[in-house]
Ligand SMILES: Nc1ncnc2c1ncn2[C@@H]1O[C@H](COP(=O)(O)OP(=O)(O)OP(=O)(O)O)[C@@H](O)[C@H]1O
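Consider the single chain below, provided in C-alpha cells and representing the form predicted on its own.
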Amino acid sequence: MIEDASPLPLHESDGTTPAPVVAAQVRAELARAAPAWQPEFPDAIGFTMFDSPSSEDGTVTVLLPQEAIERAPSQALVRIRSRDGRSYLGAVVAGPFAEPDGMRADSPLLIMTVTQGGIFTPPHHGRVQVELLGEEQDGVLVPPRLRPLPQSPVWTLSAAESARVLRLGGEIQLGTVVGQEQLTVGVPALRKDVLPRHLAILGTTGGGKSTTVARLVAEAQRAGFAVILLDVEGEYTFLHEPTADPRMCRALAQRGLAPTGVPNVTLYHLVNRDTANPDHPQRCAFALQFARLSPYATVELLELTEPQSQRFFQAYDLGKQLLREFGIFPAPNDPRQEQLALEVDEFERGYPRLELLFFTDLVGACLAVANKLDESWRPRHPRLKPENARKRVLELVQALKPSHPNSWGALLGRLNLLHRLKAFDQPDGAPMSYKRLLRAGHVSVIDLSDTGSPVLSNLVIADVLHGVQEAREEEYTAFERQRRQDGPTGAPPPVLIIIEEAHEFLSRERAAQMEVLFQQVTRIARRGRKRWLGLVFVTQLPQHLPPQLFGLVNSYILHKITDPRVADDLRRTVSGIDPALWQRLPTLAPGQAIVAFPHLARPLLAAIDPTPAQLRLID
C-alpha cells in the first residue's frame, strides 16, 4: 500500500486499516467528488406516475413515500406542478393505498411474511388516485387541456386554501369534511341559488337524517330564517330543550360544542288532537278551514274514484249556490265579496265560508234523495236545520236527480271520517295565522303525530304550503310597494319549510292521480325561488317520491342508502358526485352524508355535526 502524509496511522500492528481511517477517507473522497445529495422538491408529498392501459381521462396516479401517506387523506386537495410548467388542482378520490416496494402486494413471499407476523416486511410506499379539478391560469381554474407529465411534484393545499377552493364558507354550518376535520362545511344563508332552490335529505332509518334536520333547523334559526317544520311523527317537539343524550353530548364535546335548545320555538297541533309534548311552553292549537282547501287537491288527497269525484263537485257547486241564497257568501250588496267570489281559483283554494259539516250535509241529502228517503234526511249544520232551509236543500237536490247511491255513500263515508276527527271549522280552534309563521328567527313545529289519518296529515301539509305561499306573496307585494315609495328597505326574512316523510305526501305510486297537488307544489317551489321560500323534502324512502320532484331540487344531503336500485336511481338524478363516493353510500356510518350544494366546488363526504337540541326518540 502507498503511504500518504496523513497524521493518522494507516495500519494496525496486524497490518489492517482501522475503521475510523477508512470512514474519514470515504467522506473526504465523496466531498471532493460532489456535494451531499438534496431532493429537488423537499416539501412535495409525492410525484405523478406514468400512465397505464387502465388510466382514465381526468385522473392521475400519485405515488407517495412511506412517511407522506398520512398527508394525502381521502378528499384532500392537491396542487400538481407539471414538468412542462403547468399547474393543476386535484382532489384525492381513491386511496391512500399502501404498496410494497420492489414486489407485488400479492406475491407468495410477502403473503407468507405477513401471515407469519411481518418480521421481515419490506418498506412500502403510498398510492392515491387524483381527479383533476382544473388547470390554474392567472388565478382562475379552467378545464385542463393536457395531463400533468409523469414525475411531476405534488403538494397538499393548506386548510385555508382548501376551504377557499372548495367554497366551504357559509353562515349555516353542517359539519366537517371526512378525513379533514379542520375543514367545516358551511351553507351560505343569503345566496338565492342555494336554499331557496330547495333541498332533499335522503337516507335509510338510523342514518342520521333526524340529527341533520335538527342541526339545519338550529343553524337556520341562528341565521335569521323563519323555519316551518312539518313533523309527522313528533320527533322535533322538544327542540327547545338541550339534548340529554349521552352520545350526543360526547360528540358535541369532541367538536367543542355545548348542548343547547333552539330558541323561539312554537309548537302547533290540531285542535282536539294530542301533541307529543303537552308541556311545551309555547303551544298553540289550530283548526283547519275547509274553505281554504282546493276542492281539486282535496279530491286527490281523499283518493276518490272518478264517479265519487263527479258527485263531489256536484255537491260542491250546490254548496256555493246555497251559500249565496242564504246570504252567507257573498253577503248581499257587498261588491267586494262579489268580486272575490268571481276571482276564486279553485285549483289554488276553496270557496270562502264553505264549511265541512255544511258540505257533508249536502252530500247526505244527495244520498237520501238517491235512495228515495228524502223525508228522513236531517241536517246537522245549524244553517240547514230550519225547516225552510231543509226544504230548499231538498228542492235543489231533487232537481239534480242524483243516482248511484253506492258512490254517494262512499263519498259521504270519507267526509264523515274527516268530520269525526273534529279538526275542521272548530269554534274552539283558531285558524292558523300564516303570517306568524314567517317571523325572522322563529321556528314553528307543526306536530302531526296524532292526526289519526295520513289523509288529514296531507291536508294539513297542503294547507300550510298554500297558506305560507299566499302570506309570502302578500309580504313581498307590500315590501316592493314600500321600496318603490321610500327607497331601499329591509326585505322579509328567508323562509325554510321542512316536510318530514315527504313520500307520504307526494307519492310516486299516486303521482298520476295527484296532478293538481303536484302542480300546486311545483308553483310554490318555482315562486318560492324568487321570494326566498325554500322547501326541504326529508324521506327514508326516496324510491317512493315521484321523479318530477327531483326536478325541483337543487341540493342534496345523502345519508346511508343500502338498496342498490335506489342508489342507481339517485346516481342518474344527482350529477357531479364521484363514483368513489357513490360506492361508499351503502356503508356510510350514522351521521356521515354526501353533501351536494350548488355553491360547493364539488360534492363532499361530510360528518354532520351532532344536534345540540333534544330529539324525541321514536321506537
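All residue numbers are counted from 1 along the displayed sequence. Given the structure is predicted, the values throughout are model-derived calculations rather than measurements.
Here the subject shifts to the form predicted in complex with this ligand, a form of this protein not shown in this document.
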Next item on the list: Have a look at 46-54, 589-597, 567-575, 59-67 and name the one stretch with heavy atoms inside 4.5 Å of this ligand in the model of the complex.
Entry: 589-597
Next item on the list: Name the residue from 209, 198, 472, 269 that puts a heavy atom within 4.5 Å of this ligand in the model of the complex.
Entry: 209
Next item on the list: Go through 245, 348, 241, 131 and name the one with a heavy atom inside 4.5 Å of this ligand in the model of the complex.
Entry: 245
Note to self: Is residue 172 near this ligand? Define near as a heavy atom within 4.5 Å, in the model of the complex.
What the structure shows: no
Next item on the list: Could you confirm whether residue 519 comes within 4.5 Å of this ligand in the model of the complex, counting heavy atoms only?
Entry: no
Note to self: Check residue 284 for me: does it contact this ligand in the model of the complex (non-hydrogen atoms, 4.5 angstroms)?
What the structure shows: no
Margin query: I'd like to check something about residue 463: if you look in the model of the complex, is any of its heavy atoms closer than or equal to 4.5 Å to a heavy atom of this ligand?
Written below: no
Margin query: Between this ligand and 205, 251 and 610, in the model of the complex, does every residue show a non-hydrogen atom at 4.5 Å or closer?
Written below: yes
